[in-house]
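Let's start with one chain on its own, the form predicted on its own, as structure tokens.
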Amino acid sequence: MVTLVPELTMELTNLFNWLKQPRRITLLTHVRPDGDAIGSALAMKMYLEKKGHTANVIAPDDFPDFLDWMPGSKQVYIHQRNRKTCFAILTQSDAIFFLDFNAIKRIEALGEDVMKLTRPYVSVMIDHHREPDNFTDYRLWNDHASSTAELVYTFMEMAGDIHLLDQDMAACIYAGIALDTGIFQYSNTTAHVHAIAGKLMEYGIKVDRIHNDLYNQYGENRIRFIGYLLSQKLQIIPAYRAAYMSITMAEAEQYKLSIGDKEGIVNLPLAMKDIDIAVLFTEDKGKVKMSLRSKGDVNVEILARNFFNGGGHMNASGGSSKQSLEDTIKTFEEVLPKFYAMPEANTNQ
């Protein structure tokens, strides 16, 4: 079970009491929402609606189409495409839930609209990332949780509402947990996570179908692109057991990559026995996005947070740079010795 300090439990009890009356609730995800963010938001939406609330999900921008199978995915409002409608929904909200992120800056323009709200609303954070900002009235936060989806399950459990869980909710929660644990292979896969997964399966979810929907729905262009990356762009730094690849905007256009086609690519170099760190650099307008992965006790969250304006988890983090793609890669190579010199870089030290 998630361990909470008594004060936080008491605060959540107040929230649960407040939710006994029908409310208008808006659920927000972070930019470039992944399976944990969308799965958590949709499961929470279905749960709140069963409780008699009106619930809407707003994502800052589009999510990968391999998540389209999730129940309710077509009802997600995309702020980037319909800002006026999303703002109108926000202005009518009695409560706003912030799911899978812990700082307003993580929702960019959507966050700007949230800050413009003048009507009072109750704010709730449900998240598992390190070092949360203090911007909500209530929070269910645990950086030892595998995923926000796990915490959504915990939220329902703590509210005494686990009996409201159904097959659709279970599928969304399971998908979020599976994606954020790397199909139950990362170090955040605990006995508690397996226990929850087992309980979710009791609702009749088709695990094989979920895995197929999450991992086997890509187009031919992505497979050919991966071949190109591995043969032409993979770089190895043996001294630091690191590997990286980079994607330019021109390459993304050439291979007609869609949203989600880059998902999982960063993990591929970790299949090598002599590699502990893998990084994918993606060129974007005015910045470079970074996905960092590691295995074992190497803590890439420290690398992302200290050198690349990012953060996340020990084995899976993200970062960004305003330098050019070439300069960002050069900086990465230069900071690797500094990173490994930090005691917290390796949790086994």
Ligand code: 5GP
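It should be emphasised that the depicted structure is a prediction, and the values quoted were computed from it without experimental measurement. Don't overthink the numbering: it's just position in the shown sequence, from 1.
As for the form predicted in complex with the ligand, it is not shown, yet the points below apply to it.
Enquirer: Spell it out for me: taking the ligand in the model of the complex, does every residue among His129, Ser291 and Ser317 have a heavy atom no farther than 4.5 Å from it?
Expert: So, yes: the whole triplet contacts the ligand.
Enquirer: Give a yes/no on whether His30 approaches the ligand to within 4.5 Å in the model of the complex, heavy atoms considered.
Expert: His30: yes, in contact with the ligand in the model of the complex.
Enquirer: Is there any non-hydrogen atom of Gly312 lying within 4.5 Å of the ligand in the model of the complex?
Expert: Flag for Gly312 set to yes.
Enquirer: According to a 4.5 angstroms non-hydrogen atom cut-off, is Arg106 in contact with the ligand in the model of the complex?
Expert: Looking in the model of the complex, residue contacts with the ligand include Arg106, since a heavy atom lies within 4.5 Å.
Enquirer: Within 4.5 Å of the ligand in the model of the complex, counting heavy atoms only, one of 66-74, 38-46, 51-59, 318-326 shows up; tell me which.
Expert: Result of the contact check: 318-326.
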